[in-house]
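Given next, in structure tokens, is a single chain: the form predicted on its own.
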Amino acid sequence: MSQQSLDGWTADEGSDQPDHCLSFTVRGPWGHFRRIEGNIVKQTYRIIPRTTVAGLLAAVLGIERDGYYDLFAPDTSAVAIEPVRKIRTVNMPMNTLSTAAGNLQSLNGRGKISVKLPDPTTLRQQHNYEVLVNPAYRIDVALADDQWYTELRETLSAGESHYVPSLGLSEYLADIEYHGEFDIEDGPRNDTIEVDSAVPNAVDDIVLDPGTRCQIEESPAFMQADSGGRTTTGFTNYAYSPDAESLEVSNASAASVDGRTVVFV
């Protein structure tokens, strides 16, 4: 990956907030973002994790696996996530084949190109997946790397993607609707404000309202490559409304994007 540049990241010296971002909505009929804990029932995160957003955009750009973590590091990227549909899940049993190395067989082993697939003659294992129904999220993303930012903007505006985008599993294909490039302006500075996006790391600042449901979940936010592939280096606690409504928050450092109030992480 090329050396990242901080040029153009902020207009104000000393500010850690980018000047502009790209905005799009990703949606699909199904989604599954497997929680790192648990094994019997494969539960899903309700809010698409920041690391999954990074992987999705890396797929759009055609960046190889384990090759994009620096691009989405805490000091070189900013991401805001807003659920735009009511969040609903169902449990779905699935019969699967093991993809462990010892259970793969080579297809066309004598040819120049060899593809390894699970042995279809072995017994299937049934797993219960918790699956999101009709998930949809509006994503605002800023990158310090001008080259990748420009390429992402051109790819999204053209409606193209290097790899097929999906929502967690390759079977759950995703549709991406690009909204455009927007300035990031300072958000409201009132004691309490209405935030449209999921609110990161502000659990104690949520103003509870009897008429608004609020839930909390922690998910991976940052990764780095290592000798074994990758390691999660940071998590984010998100407060969000499962009904895709705004939350009232005190002491929030929010931004305004396209008339919406969001919080980046």
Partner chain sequence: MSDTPDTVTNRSEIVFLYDAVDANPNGNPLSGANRPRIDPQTQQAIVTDVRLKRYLRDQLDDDGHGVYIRNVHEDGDQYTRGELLEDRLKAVEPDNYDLDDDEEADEFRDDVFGEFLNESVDVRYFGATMSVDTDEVYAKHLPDHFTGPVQFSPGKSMHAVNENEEYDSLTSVIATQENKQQGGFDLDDHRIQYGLIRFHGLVDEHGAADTKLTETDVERLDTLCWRAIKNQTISRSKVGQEPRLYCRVEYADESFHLGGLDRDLELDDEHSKPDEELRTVRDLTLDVTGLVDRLDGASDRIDQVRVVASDVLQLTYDGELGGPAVLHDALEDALGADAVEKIDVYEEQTATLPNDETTA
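Between two forms, the rigid core is the largest collection of C-alphas that superpose within 1.5 Å. Positions refer to the first chain, counted from 1. Keep in mind it's a predicted model, so treat the numbers as computed, not measured.
Beyond what is shown, the protein has a form predicted together with the partner chain; the following relates to that form.
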Counting any non-hydrogen atom inside 4.5 Å, which residue from 118, 180, 74, 188 sits next to the partner chain in the model of the complex? 118
Evaluate residue 144 for contact with the partner chain in the model of the complex, applying a 4.5 angstroms cut-off between non-hydrogen atoms, and reply yes or no. no
Answer yes if any heavy atom of residue 84 is within 4.5 Å of a heavy atom of the partner chain in the model of the complex; otherwise answer no. no
Could you tell me if residue 234 has a non-hydrogen atom within 4.5 Å of the partner chain in the model of the complex? no
Taking any heavy atom pair closer than or equal to 4.5 Å as contact, tell me whether residue 113 reaches the partner chain in the model of the complex. yes
Joint contact, 222, 230 and 253 to the partner chain in the model of the complex, by non-hydrogen atom at 4.5 Å: no
Any idea which of 76-84, 189-197, 94-102, 144-152 reaches within 4.5 Å of the partner chain in the model of the complex, heavy atoms considered? 94-102
Using a 4.5 Å cut-off on any heavy atom, which residues of 152-174 would contact the partner chain in the model of the complex? 158, 159, 160, 161, 162, 163, 164, 165, 170, 171, 172, 173
If we fit on the core, is the Cα of residue 158 displaced 2 Å or more between the shown form and the other one? no
Please check if residue 118 moves between the shown form and the other one, taking a CA shift of 2 Å or more relative to the superposed core as movement. yes
